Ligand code: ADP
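What follows is a single chain, given as structure tokens, in the form predicted on its own.
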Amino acid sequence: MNGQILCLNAGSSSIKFALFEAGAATKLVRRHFGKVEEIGSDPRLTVKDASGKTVIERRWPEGVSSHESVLEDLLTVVRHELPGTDLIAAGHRVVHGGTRFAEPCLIEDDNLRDLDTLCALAPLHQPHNLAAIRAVAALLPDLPQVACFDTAFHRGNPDLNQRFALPRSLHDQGIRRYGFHGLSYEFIADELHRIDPGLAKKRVIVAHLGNGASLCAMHDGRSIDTTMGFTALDGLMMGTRCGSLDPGVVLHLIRQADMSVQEVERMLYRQSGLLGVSGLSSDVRTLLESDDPRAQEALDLFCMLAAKEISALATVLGGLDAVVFTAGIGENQPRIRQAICNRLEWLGMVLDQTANTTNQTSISAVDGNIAAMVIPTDEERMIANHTCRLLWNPSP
């Protein structure tokens, strides 16, 4: 088993990817990685080598904007412009696995049909995840492909934590709290165990804060509860998504404001969150640089709601020993981490200002009762690990 595993993480307007060398070594080695950004408007590709040096930069001509077109070109670049590439498998992030898929699976026609039925539950992601699978199959029909699910990490949560207060028949039909960002949380659980095995066994809340945002309460490295539910709309305020919302608001918009279901869906997924409150941008970096009071109000709401949900999950865990920040905002925005933690001082959360502003791994003060950490996530590596285990069962 020698060659490269291509890992694809297709989102609503971007595609992250990585190539991992699989061979005799016990650890998968990342050879190249990169991202296609601004799909749908002005797609651009950046590819970096293992050291982080940019080796390819490219923009698509005007008029090329679909995921399918971009994916086909990306696969051509990977296969023909990166020296020594010999693909032996592809692994994919698939956001929603429903009740059937509780662990990674080899992609076959019947699996793909079942996953298609879940697109309505993750409209920003699932269709693009499956488009990537089909694009690879069209170009390389004999290449094994593996689906890795964001919901899988939470499937072992206590039944109580998966329930809505709805009729039992609906729960039995699959209307339940699934949770997402599971590949990221699984990676962080492994990394925390490597960094601090003792702490990893305790009560930990991981804050995956990016354009999509959620929290996961863990005990002994296992998911106990999470803020996202039936869809990726639930829980925290996000870049363009509203997070938790009184369902009566939706009923009001449809009945009284005469909005169609499609209009409400677009508003909740694409026009709310930081963008909706600020009226300016969904990007935290832009809002932090702005002197518009609406930008500050959006950030204040984001941080307050994050602290509120951390407190709620601490109740589920029966206490709190550590908070781990990860993903784009969590890893790179000290001001956001500080604002969240300031609201948790009553729990004993105190940050070391220097460690926080310089993005150190441990950012908690020595006199704090709760550890605070920053650990970069790597969903693509987790996809590669799962793909390797499923197809060849080594010890990556």
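Heads up: residue numbers just count along the shown sequence, starting at 1. Predicted, not measured: the structure shown is a model, and the values here were computed from it.
Keep in mind the form predicted together with adenosine-5'-diphosphate (ADP) is missing from the figure; the text below concerns it.
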Can you say which of 204 to 212, 314 to 322, 250 to 258, 135 to 143 gets within 4.5 Å of adenosine-5'-diphosphate (ADP) in the predicted complex, counting heavy atoms only?
204 to 212
Heavy atoms within 4.5 Å of adenosine-5'-diphosphate (ADP) in the predicted complex: does Ala327 have any?
yes
Can you tell me if Lys16 lies within 4.5 angstroms of adenosine-5'-diphosphate (ADP) in the predicted complex, counting non-hydrogen atoms only?
yes
Taking any heavy atom pair closer than or equal to 4.5 Å as contact, tell me whether Ser362 reaches adenosine-5'-diphosphate (ADP) in the predicted complex.
no
Please tell me whether any heavy atom belonging to Asn356 falls inside 4.5 Å of a heavy atom of adenosine-5'-diphosphate (ADP), as the geometry stands in the predicted complex.
no
State the residue from Val284, Ala298, Leu71, Leu118 whose non-hydrogen atoms include one within 4.5 Å of adenosine-5'-diphosphate (ADP) in the predicted complex.
Val284
